[in-house]
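Just one chain follows, in the form predicted alone, and it is written as structure tokens.
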């Protein structure tokens, strides 16, 4: 087993009079962080796409406790800390949640790993050692002891039940018994809703060359972002067709806005190249800024005249090709369709994608 899975190399846990091999993990960015609930990896349960186990667990908790509005807010953000904070404000019935949370955890973990073969391989490579989630603040999913605290080695000193660690061990056993792992579910979501309300790392604006605001989604994003966005445009020098530029989001719920200029449709062969460039360059720019969740509108399908289904094929092909070129970068893509015709066009081309009506 590779040492990379251990915090600081091979480690052990005291179990009675014996020492058991163990992996202690804490942050999603640490070695072994792929096992954390905050680790971003898309998966689908019951047709709903999640960006992380934290989003799955916290939204399910809110639904179990009867707060659908809180669950909806959690699904609109891909930031684990925000998801946890929203769920923390929900009135809790410990009898109900305690009775079902382990089953919900197991189902989500199995979906996360089964649908992502690279993660399955990493989990299998932990062999049969103990898996211990560490946190001095979380007394539910972890052992309740910090990663640097020597008490983590002795289960008698734990302040939490290590639910996540034990569940991962069970999922690891279940995956080992299966000869084949299901193909990775394409991490694409199709949303029928308003892109100005998407709480993600970034949203894409179908801009015009001047970057001073136009029609359709461009006008909506500029209005929602507020006047400071227009001031930032002054230093940007416009934008060419197919190019992408990034700005702050200001009053929008997302963090950043990527502006790209789509082609005016004339039926020529260069239309698809230019439209594909809009998606590829936007994804490249998002990756340069370490962004992992992006929402696209249906670029060029409004007054620029690009046929809906044809434009959707170009968009989806560009995203898929970008993923092939960047296999190690986790990017969660949402196609946000304001009108029903676009929504139906994307659903037709992506029959297995998770779809949702924005609340």
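No experiment lies behind these values; they were computed from the predicted model shown. Positions refer to the first chain, counted from 1.
Below, we refer to the form predicted together with a small molecule, which is not included among the displayed structures.
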(request) Name the stretch, out of 330 to 338, 57 to 65, 32 to 40, 312 to 320, where some heavy atom lies within 4.5 Å of the small molecule in the predicted complex. (result) 330 to 338
(message) If we define contact as a non-hydrogen atom of the residue within 4.5 angstroms of the partner, is residue 301 a contact of the small molecule in the predicted complex?
(response) yes
(message) My question is simply whether residue 199 lines the interface with the small molecule in the predicted complex - judged by any non-hydrogen atom within 4.5 Å.
(response) no
(message) Is residue 99 part of the interface with the small molecule in the predicted complex - any heavy atom within 4.5 Å?
(response) no
(message) Considering non-hydrogen atoms and a 4.5 Å limit, does the small molecule approach residue 138 in the predicted complex?
(response) no
(message) Under a 4.5 angstroms heavy atom criterion, identify the one residue in 125, 194, 92, 154 near the small molecule in the predicted complex.
(response) 194
(request) State the residue from 145, 217, 286, 229 whose non-hydrogen atoms include one within 4.5 Å of the small molecule in the predicted complex. (result) 217
